[in-house]
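Shown below, as structure tokens, is a lone chain in the form predicted on its own; questions about how it binds or moves come after it.
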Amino acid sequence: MKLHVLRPWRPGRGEWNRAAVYHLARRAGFGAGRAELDRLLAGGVSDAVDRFLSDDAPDARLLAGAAALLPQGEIDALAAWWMSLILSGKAPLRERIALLWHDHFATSFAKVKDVRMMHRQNTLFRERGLGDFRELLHAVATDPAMLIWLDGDANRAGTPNENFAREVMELFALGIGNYTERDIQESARALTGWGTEGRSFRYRAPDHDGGTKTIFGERGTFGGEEAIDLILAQPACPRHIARRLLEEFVAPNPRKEWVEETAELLVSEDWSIGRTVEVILRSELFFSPQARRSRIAGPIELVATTIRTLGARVPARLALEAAMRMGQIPFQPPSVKGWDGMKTWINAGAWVARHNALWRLARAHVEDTDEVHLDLRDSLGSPKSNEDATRFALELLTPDLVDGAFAEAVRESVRSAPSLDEALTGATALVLTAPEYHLI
């Protein structure tokens, strides 16, 4: 297919700069430190995107570490384990996709009440999240955590439960307005008999309604897999998934032409999420002004990106607690819709939590603790003066805002700092707690 809005970006002189590489690192992963950003910048845009696509091997030691946590049955321990994977910087795009699907196919421990099931679902998102979306949706439909979350065990012939059928259409695959109540009811009948036994999927033939159903105008004695295939066959499905990818990687409220082209691309790439995301990351649209600073960072990405960009050493448990205070608790989304995001991330209480957490992190440079370590002289590039401290902080944390009123306000605030370390701390804290920094 011929690409228009997603045609490859060919930067002109000076356009592949610190602001562009910073944008890529925050969106394709969870940020990068100064040295890594310099390497990405030196290699050019194509090589930089390649790095995020090829750095695709999660830390094997950390992955294996989950085995020791699961018998404890503590969901916060599992969440801290996932945060450790994110902070490791290994397979950054894969972890970002896993977080995206956790929000999209939102499932909560509050109802599932089984840490092993939540871990299995998280593994599903990590292992298949960049693969064929059709396979992912089928796998989610038989995932034990999802079946418990959306009452799959209660879906039996004669008394069908519509929860999963409704949510798979409304939230997971089609979007409101692209199905009828009859489609939901008939799909629920097709899905009868699907449930769990222990921690495994179980099909119970006596509970399945084998009668004729009509789904999206098609008649047949459909079962669950056929119902999922009929949903995937609807033209609204690739558009719905395209919109979700664009919201994550480009901007909220993507334009119709963006959605249409991305949907066509997804189908032409045989529903490969990974190949579709690659085209997005290489595109003019991704690097356009409309895409930059267009989203309010969620708590997990804000905490992880800040820690990684500054090269701070923060235990995963403390990073998780910071994100939780800001309103995002992994494995416990507020509803089947996931997190509302955007302005809900910056209500009064959440904004105070953001400010305090990032301020305390910056202060760790001069108030080192037993658990949190931060050397801003190293992070920012060995500044020699208060002016250097401000400039280096701006270049690392808001490289597109090194000039203008914002930068001047930061300079003025730290110009008379009593020491270089206080200037470093003050400049970093002011940037981290400014609204501009929270736009990703």
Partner chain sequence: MRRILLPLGALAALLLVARTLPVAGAFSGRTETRSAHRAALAPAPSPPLAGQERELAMLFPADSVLFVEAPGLDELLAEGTDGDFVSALLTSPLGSALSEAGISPDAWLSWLESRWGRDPLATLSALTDQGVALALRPRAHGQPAMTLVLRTENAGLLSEVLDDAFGRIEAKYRIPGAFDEPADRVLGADVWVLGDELVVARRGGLLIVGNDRDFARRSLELATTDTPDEGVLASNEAFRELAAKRPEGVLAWAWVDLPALVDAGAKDLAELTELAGVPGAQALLGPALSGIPTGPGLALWLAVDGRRLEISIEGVGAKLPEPLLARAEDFSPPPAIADPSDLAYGLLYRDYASFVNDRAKLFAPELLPSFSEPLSTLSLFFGGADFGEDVLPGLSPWILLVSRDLEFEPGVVPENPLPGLCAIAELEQPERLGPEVITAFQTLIGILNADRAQNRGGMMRLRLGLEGDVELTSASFLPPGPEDGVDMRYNLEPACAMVGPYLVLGTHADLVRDVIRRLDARRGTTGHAEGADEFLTISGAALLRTVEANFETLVMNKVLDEGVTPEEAEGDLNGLRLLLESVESARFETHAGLPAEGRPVARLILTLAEGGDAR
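Numbering follows the first chain given and starts at 1. Predicted model, so just to flag it, every value in this text is computed and none were measured.
The form predicted together with its partner chain exists for this protein as well; it is not shown, and the discussion that follows is about that form.
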{"query": "4.5 angstroms heavy atom contact with its partner chain in the predicted complex for residue 158", "finding": "no"}
{"query": "Contact flag, residue 230 vs its partner chain in the predicted complex, heavy atom cut 4.5 Å", "finding": "no"}
{"query": "Partner contact for residue 81 in the predicted complex: its partner chain, 4.5 angstroms, heavy atom", "finding": "yes"}
{"query": "Residue contact check: residue 405 to its partner chain in the predicted complex, 4.5 Å heavy atom", "finding": "no"}
{"query": "Among 335 to 343, 70 to 78, 219 to 227, 232 to 240, the region lying within 4.5 Å of its partner chain in the predicted complex by heavy atom distance", "finding": "70 to 78"}
{"query": "Option touching its partner chain, based on a heavy atom within 4.5 Å in the predicted complex, out of 317, 120, 255, 204", "finding": "317"}
{"query": "Single option in 114, 209, 278, 321 placed near its partner chain in the predicted complex, where near means a heavy atom within 4.5 Å", "finding": "114"}
